[in-house]
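Presented below, as structure tokens, is a lone chain in the form predicted alone.
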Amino acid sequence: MTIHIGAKPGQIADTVLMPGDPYRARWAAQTFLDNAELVNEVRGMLGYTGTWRGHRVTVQGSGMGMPSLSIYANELIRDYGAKTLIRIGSCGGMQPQVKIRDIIIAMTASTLSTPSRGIFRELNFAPAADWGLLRAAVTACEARGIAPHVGGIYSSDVFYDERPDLNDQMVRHGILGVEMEAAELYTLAARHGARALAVLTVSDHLGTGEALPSEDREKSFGDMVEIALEAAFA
């Protein structure tokens, strides 16, 4: 048991899926896992452990933003021994070829700042996904007839952004989408020798203004969860 995770020793699996929304964690666990058991509800940040095709899996909410994600990822890795952490979440599309409901697999995650920024001082560390997970996720997409977008994303500190000039540069440099957690997840995984990946569903688009209605988001996220699970155990 840690400050923010109330699970007992042995209740957290080696493989953890991390949606931002705790209710999405509950939905994913109840939909895709067998015998899903609630193992954390501290501060309402729900976590469940069950099995998928015989493999133990935990689905733990991370909250919104890198500071919140950092708390849960640190405790999962350092205190519970998690070895594979996959973010499953929504993102905003940035390139014209990226459409609503498309899947983005984040190879890298650019950012202005993360909670780990102070460690590196003058160094601009480049957070990157685990290659084995990334390759397996692409293979899982192709087996489903899904053509994912694979490349760089932008992890932002703010949701209500007022830097259109920065967004223009992201688009200019090929950034596929924007979200708020992956850069810190990739950094922590690198620091502690864990594997990390972000598999994202495009829920809205910064260029067109198009967005999925909230009631449609859950239905559109099923492929993302299954791709993450297949990648974890490929």
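These figures come from a predicted structure and were not determined experimentally. Note that residue numbering follows the sequence shown and begins at 1.
What comes next is about the form predicted together with a small molecule, which is not displayed.
The listed set G92, P127, P148, P115 contains one residue whose heavy atoms approach the small molecule in the predicted bound form to within 4.5 Å, identified as G92.
Just one of M170, V39, V178, A194 comes within 4.5 Å of the small molecule in the predicted bound form, counting any heavy atom, and that one is V178. Among heavy atoms of L206, some come within 4.5 Å of the small molecule in the predicted bound form. Under a 4.5 angstroms non-hydrogen atom cutoff, the small molecule in the predicted bound form has F159 among its neighbouring residues.
With the partner omitted here, the stretch from 24 to 32, 45 to 53, 66 to 74, 178 to 186 that lies within 4.5 Å of the small molecule by heavy atoms in the predicted bound form is 178 to 186.
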